[in-house]
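First, one chain by itself: the form predicted alone, in structure tokens.
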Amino acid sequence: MPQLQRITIASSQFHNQDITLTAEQQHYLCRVLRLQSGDRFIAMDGMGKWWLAQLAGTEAQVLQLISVETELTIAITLIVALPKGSGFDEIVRNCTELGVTCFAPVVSDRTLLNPSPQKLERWRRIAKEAAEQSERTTVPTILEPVPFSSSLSMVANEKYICEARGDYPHLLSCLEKKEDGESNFNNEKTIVIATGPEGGWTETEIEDAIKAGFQPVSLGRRILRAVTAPIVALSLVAAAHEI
């Protein structure tokens, strides 16, 4: 099958074999991509399914369900202390490409950003676009920002908090130990990884995370930017589970 453009369609737009396109989708397909009636594209619901669809005026017709396997075999929730400026835009875009399942933005003791509702809307749009571009079948969930302490109760098979200071094991070594101990690294499971703000986590935040079952880990000997750390962490987990 030739490479086709992908767009995310809400489940409410599907009516049996027909898809009702929004005005924005019609503009994108017809004006931006210059598709014409009869041209084909990929419709994805953002929840794991793809369909081959054919443009038919202001609507589209579903031709067939497509089987695609681009998702990781684990669910990864990324807790991110919001960086300043537009740094979280970059994190959402890159970590969506790497396979994250859920973003949990948090406000930590050293967080400088006070996000608006419009920011959340923007982040979800970026995640949708990045999922389409990277040929994922699932669009990551982005939760509303909460205080860091509120995110510590998340349940997962493995929970890690990344810290640049201190004598902590490398995240990769922890992942490899889990692989050896479980004999089958591809067992379906969930991982939560927390990365800090500019200036890092406070000692109290690290202590609270440990009490909540988080393992402190290092991402290497160098001090990474708040925007870089989540991308490195996701890269390690994704690579470990795909090799």
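Start at 1 with the first residue shown and count on from there. Just so it is clear, the model here is predicted, and its values are computed rather than measured.
This protein has a second form, the form predicted in complex with a further copy of the same chain, left out of what is shown; the following refers to that one.
Residues with any non-hydrogen atom within 4.5 angstroms of a further copy of the same chain in the predicted bound form fall in just one of 90-98, 154-162, 140-148, 107-115: 90-98. For the three residues G220, V232 and A238, a heavy atom within 4.5 Å of a further copy of the same chain turns up in the predicted bound form in every case.
For the chain shown alone, H15 is not a contact residue for a further copy of the same chain in the predicted bound form, no non-hydrogen atom being within 4.5 angstroms. The closest non-hydrogen atom of E69 lies within 4.5 Å of a further copy of the same chain in the predicted bound form. Taking non-hydrogen atoms only, H170 approaches a further copy of the same chain to within 4.5 angstroms in the predicted bound form. Not displayed here, a further copy of the same chain is kept clear of D208 by more than 4.5 Å at the level of heavy atoms in the predicted bound form. For the options E176, E59, D39, E198, the one in contact with a further copy of the same chain in the predicted bound form, meaning a heavy atom within 4.5 Å, is E176.
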